[in-house]
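The chain below stands alone and is given as structure tokens, in the form predicted on its own.
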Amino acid sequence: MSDVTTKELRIVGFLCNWCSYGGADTAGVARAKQPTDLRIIRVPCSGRVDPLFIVRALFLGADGVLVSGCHPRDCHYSTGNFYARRRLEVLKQFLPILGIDSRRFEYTWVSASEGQRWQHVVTTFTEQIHSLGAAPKFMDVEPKEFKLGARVSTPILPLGAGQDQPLKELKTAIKEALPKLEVVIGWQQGRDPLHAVPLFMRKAEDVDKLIWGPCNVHNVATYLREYQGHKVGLVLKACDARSVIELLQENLASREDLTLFSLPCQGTFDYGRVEQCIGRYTQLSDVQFTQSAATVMVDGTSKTLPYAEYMQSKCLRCTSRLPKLVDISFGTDPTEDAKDARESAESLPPELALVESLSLEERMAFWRASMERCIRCGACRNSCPMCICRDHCISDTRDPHFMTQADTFLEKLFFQVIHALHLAGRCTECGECQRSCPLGIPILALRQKLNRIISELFAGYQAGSDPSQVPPLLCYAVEEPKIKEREW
């Protein structure tokens, strides 16, 4: 076994108290020769190792991180390492999107009697880190902006204004159901005809304000957490319904309390792109919708917004116009027309395609430039329908003091990683986080990457598709067909 003779690097090891720490102790008692780079942190179980511990260590300058626990099916706490195995594999595949080489993190299994195996593990991992050299630091990378590439050129399903949908029939159905509900949440016109805001319908006259069309950008499922335990109605787009289904999967909402309404959705505006087109204005007096575009009258000037150019990228990739879970709906779903759905679903969305086109060093430069623009307003978290613990968020707590309030890009990036990893296997890609960001930071790419990792590892799992399913990181399997045992 070769010796590592170069300068020591900073390697952090999280070792299970019952097995791997005992294995390291056995190697020490046997006077087995080991590298001295590793700094060991003893934990009760590998299942106690939050992936954020590893990210934090790498952000703060560690050159490598090793997690070692009991062998699967031999955990002191029965199932701890089964949960850990899923979380750690997802993290390992996620690290490159941040610009961190995945080889700088490994996880493995060592029992208390395997002193010789521990010697092999720690020596092999240390040699691997030395071959990579000292880890690049975010602080040493010059920030660099990269522009988003082209979007999907042709939508799977036809886009439109939805003005021909049976809105009158929907309003009648809501009025009939309203006496049994505390509130029905939909959309109404906002500050001008091009913008909508959430509408809370409690009286019949409120229902008359309901609108339907490409201005209905808000995900009304975000308000469910405020009405938990109350009888509530929701007017849903197909993408909003995925968030409702995910909340039902996690028992964060009760199906008996919900009445779900819908019309076929034909896409919603990307207001970031719309504002780039129309610019600053004093008065927006009128909007006319046609089959292919919206014509906006701004300060006496007419501007045309073709749907294929100015709707959200998720709408171009959408394969269903009606929710999978709905109580009262009108209109038909043209899903059978989506002949190229499989091909388009496999193509990357523009945010993720941009980041994945970059080298690891360029990704670090990209995230540094993006996070230096962040003002830590919290809009991304507050608009997320799945972020139900915002009043007790670990990023805000001082016990433990997990992250600081320092106005540095690294703390801002760590906050985004916290949010993304807490949504792993749960994010429905509604895009509310990125839409609500006042600086237009493409943070959705982190969630999109995690969703693709989860789908590849766990049989094509898609968050918010089946109320009876359990999110993959909230359960485990004894045998994992796509996760190796990491036996070196």
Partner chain sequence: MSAYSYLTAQEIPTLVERLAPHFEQVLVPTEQKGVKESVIFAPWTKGSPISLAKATVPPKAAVFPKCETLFSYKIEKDTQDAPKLTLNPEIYAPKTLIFAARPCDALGLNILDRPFLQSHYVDPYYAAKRDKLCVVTLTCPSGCENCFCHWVGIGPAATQGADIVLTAIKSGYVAQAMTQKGQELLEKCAFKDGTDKVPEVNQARKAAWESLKPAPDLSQIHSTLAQSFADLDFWTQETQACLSCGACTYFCPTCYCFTITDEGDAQSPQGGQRLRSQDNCMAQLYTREASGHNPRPNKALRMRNRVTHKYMTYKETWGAFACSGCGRCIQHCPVGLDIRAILLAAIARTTNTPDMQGGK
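Positions refer to the first chain, counted from 1. Treat the numbers as computed from the prediction; the structure is a model and nothing was measured.
The discussion below concerns the form predicted together with the partner chain, not included here.
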{"item": "Contact residue in the model of the complex, chosen from 35, 51, 47, 442 - any heavy atom within 4.5 Å of the partner chain", "value": "442"}
{"item": "Residue (of 272, 306, 149, 300) lying close to the partner chain in the model of the complex, criterion heavy atoms within 4.5 Å", "value": "272"}
{"item": "Residue contact check: residue 218 to the partner chain in the model of the complex, 4.5 Å heavy atom", "value": "yes"}
{"item": "Contact flag, residue 191 vs the partner chain in the model of the complex, heavy atom cut 4.5 Å", "value": "yes"}
{"item": "4.5 angstroms heavy atom contact with the partner chain in the model of the complex for residue 251", "value": "no"}
{"item": "Residue contact check: residue 391 to the partner chain in the model of the complex, 4.5 Å heavy atom", "value": "yes"}
{"item": "4.5 Å heavy atom contact with the partner chain in the model of the complex for all of 256, 261 and 482", "value": "no"}
{"item": "Stretch in contact in the model of the complex with the partner chain, which is absent here, among 74-82, 219-227, 239-247, 162-170 (heavy atoms within 4.5 Å)", "value": "219-227"}
{"item": "Heavy atom contacts to the partner chain in the model of the complex at 4.5 Å, residues of 185-204 in sequence order", "value": "191, 192, 197, 198, 200, 202"}
